[in-house]
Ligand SMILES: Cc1ncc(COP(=O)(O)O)c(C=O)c1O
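In the block that follows, a single chain appears as structure tokens, in the form predicted alone.
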């Protein structure tokens, strides 16, 4: 439960803080004071295993000493010179060239996931041939809250509709198939329709997609989905633009989740897993796109905080540890353990409708009963708050919980976190 100091602090904040915080903050009502590795401490001294890794940002846990040292040293030297070259930028570029697929050999740096998505859209629009004035995206996708990112998925606000030039295709949401089919007898009909309405259309310039749909509840595509769509896009000249803001950096067991599904994107956007929670984002792409004169006009890849030395320091330190310590291999090992344990929980609790994920990214979907599959956000909230009460922090969204612990977690703490999750499920659902 929220302690007295936190309650008083939250009341003081509420006098001036605008509402509209995340569901996690609203329902969790915690004031976090310190983070060390996988453990958070609140203002009343209570501790929590952080299986949300910040906001899926703390791949190395909180306060990793090498990242702290890199940021501290850089803060003593230089903070902002717009997008001018700085001492460490070339090193980060070389590091990314080692970690990313060879075809993605050119990079631009930004501050946030939404900002890098907007930059990718500008590249697409600048390089699209005449007549290719539409952009494809997937239903249930999330690419940010800026105008271009919202228009991609037809996310209207208030009474204003700005769907723009976006064409929506079916995402591989097998648990709630909009076509009322079952995999594999469906023959991946959703992919066939994406091919027909997006990949094979002569007026579509690009398909912007999450390889695994994160905000929608970790929707993992079945075999055959991306293979069909990617091949069709290649054949018809539709660019593949991978939104790896959430998945990029190793969280799924590969540096890019696209690689797990055999997709070779022309552009990829990374952010959350790159800089240990410091605002930083990377647009990676093929040189023939990012260096095209139409896309590389003066200031095209610049903004106030883009390419700033502090972000470069945090990203370089984070990704050097990921590479040196072979943490993506570790993600795969821990992910297998996690899957085994979560499948047991899925079989025990009827209202835990489905568990899905890969690597260290998992979604739990809660329903009122397994037959109707009616979403149960109240159950998800109860599990989320109960887990906090017993010492586990997860990520809440609607009737979903997401689990995304740090890559540096040891097996004993992974086991402890899953035991706490089981305790919370038992308290809510038995």
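Numbering follows the first chain given and starts at 1. Note that this is a predicted model, so its numbers are computed, not measured.
The following text describes the form predicted together with the ligand, which does not appear among the structures shown.
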Location of the ligand contact in the predicted bound form, chosen stretch of 171 to 179, 258 to 266, 105 to 113, 311 to 319 [non-hydrogen atom, 4.5 Å]: 105 to 113
Taking the ligand in the predicted bound form as the reference, which of 142, 349, 226, 278 has a non-hydrogen atom within 4.5 Å? 142
Heavy atom within 4.5 Å of the ligand in the predicted bound form, from candidates 233, 245, 92, 219, belongs to 245
For a quick check, can you give me the residues of 268 to 287 that have a heavy atom within 4.5 Å of the ligand in the predicted bound form? 272
